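Two forms of a single protein chain come next, each set out by itself as structure tokens; they are called structure 1 and structure 2.
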Structure 1
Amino acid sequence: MAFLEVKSLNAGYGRFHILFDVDFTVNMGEILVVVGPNGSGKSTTLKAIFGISTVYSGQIIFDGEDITKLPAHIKAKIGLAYLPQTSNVFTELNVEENLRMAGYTLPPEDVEDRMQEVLEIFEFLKAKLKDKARTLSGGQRQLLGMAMMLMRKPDLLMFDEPTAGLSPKAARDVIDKIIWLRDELGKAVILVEQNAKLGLEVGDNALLLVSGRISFKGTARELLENKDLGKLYLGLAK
């Protein structure tokens, strides 16, 4: 059984139906890359799984349990984490305060130990604990957001266009850390990535969404090498 199973998912916002019969699975130690044109439903997919968009029908099975109707704060407690593209850190708080805020689901006595564990993973933050988050670069903010995710000890990590607006070097740093989370910690990852080539190069499996429907499901390599789909939907010139 897959760690995450999404079955016949129909979702959107109120009356605005965005996703139509979306099916996929994600295993532990795997990156699923979700790509597609703007407005294709990529972000809505993550929000539906996390409980912040409307699910009309279908099922979301997480570690063998049906979590379709659970609210987001409960999903956060049981091992799901979602990093939105923007507003993913508290800019007026310092780095340490951001990490402590992110540990709200943990017993108070565990927060300190968990923060030290996270700082060993994101070592550059040790020198910036008293710096306001707004003083960090775009890439550093994304990494802080990732560190905040890890405070809650999640098993499924969902990233919504984490490299958007970043320099090539900063984008590479963020992607390399996502790869590390898969390879070293064995996390299950769903990566929505506007830079399709970058995402498909590091992903294991891929989902191509077009107008809220699946147009391709298979390995990331297969989609990367599909000249017709790449040219038509992803801007991948061959």
Structure 2
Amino acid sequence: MAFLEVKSLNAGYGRFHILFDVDFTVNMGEILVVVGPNGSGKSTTLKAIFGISTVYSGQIIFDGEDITKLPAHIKAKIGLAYLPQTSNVFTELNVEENLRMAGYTLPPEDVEDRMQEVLEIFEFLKAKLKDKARTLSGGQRQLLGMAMMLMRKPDLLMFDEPTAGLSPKAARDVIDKIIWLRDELGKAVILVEQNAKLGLEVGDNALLLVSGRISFKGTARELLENKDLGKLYLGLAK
């Protein structure tokens, strides 16, 4: 059985129905890349899984348990993590407070240890512990956001366009970290990526969303090589 299983999910915001009958699965040690044109419901998919958009029907099964109806803060506790595209760190808190917030659900005695472990991975943060997060650059914020996800040692990590607006080098840093999460730690990852080529190169499986419906499901390689879909929706003209 898959680690995360999404069954005929219908979701949106209030009255605005955006996702229609979306099904997919993600396994441990695997990156699922979600691509598609603007407004096709990529971000909504992540929010629906996490419970911060409205789910009308369908099921979300995480590690054998139905979590569809759980509030978001409980999902954070049981091992899901989500990095929003924007506003993904608390700009008015300093870096240390941000990391402590990220460890909100941990037992107090573990927070220090986890913080040290995370700071070993993201070394540049050590010098900035007392700085407010709004003083960080875009790429640094994105990495701080990832560090915050790791504080809780989640099993499923969901990234919403983590490379948007970053320089090629900063984007590469972020993507390398995501690959490392899969290969070294064996996490399950869902990666929503605007830059389809970059995403599909690192992904194992891929999902193409168009107008809130799945129009392709398979391995990332298949989609990358599918000339029609690539040209039509992803700007992969070659």
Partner chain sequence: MGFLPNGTFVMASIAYASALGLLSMGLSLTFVTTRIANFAHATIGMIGAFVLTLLVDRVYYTGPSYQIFITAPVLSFLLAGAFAVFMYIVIMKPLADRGNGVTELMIATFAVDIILINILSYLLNAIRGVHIPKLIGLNVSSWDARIHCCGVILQASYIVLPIAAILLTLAFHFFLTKTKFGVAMRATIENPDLAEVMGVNTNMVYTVSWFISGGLAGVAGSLLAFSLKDTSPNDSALIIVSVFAGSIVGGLSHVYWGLIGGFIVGLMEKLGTGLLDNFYNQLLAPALGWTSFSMINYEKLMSLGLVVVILLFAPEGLAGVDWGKYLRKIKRRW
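Here the structure is a predicted model, which means the values were calculated and not measured. In this text, the rigid core denotes the largest set of C-alpha atoms whose superposition between the two forms falls within 1.5 Å. Quick note, the numbers are simply positions in structure 1, starting from 1.
Here the chain taken from the form predicted in complex with the partner chain appears as structure 2, while structure 1 comes from elsewhere. When two forms of a protein are overlaid on their rigid core, residues whose CA moves 2 Å or more are considered shifted, and residue 131 is one of them between the two structures.
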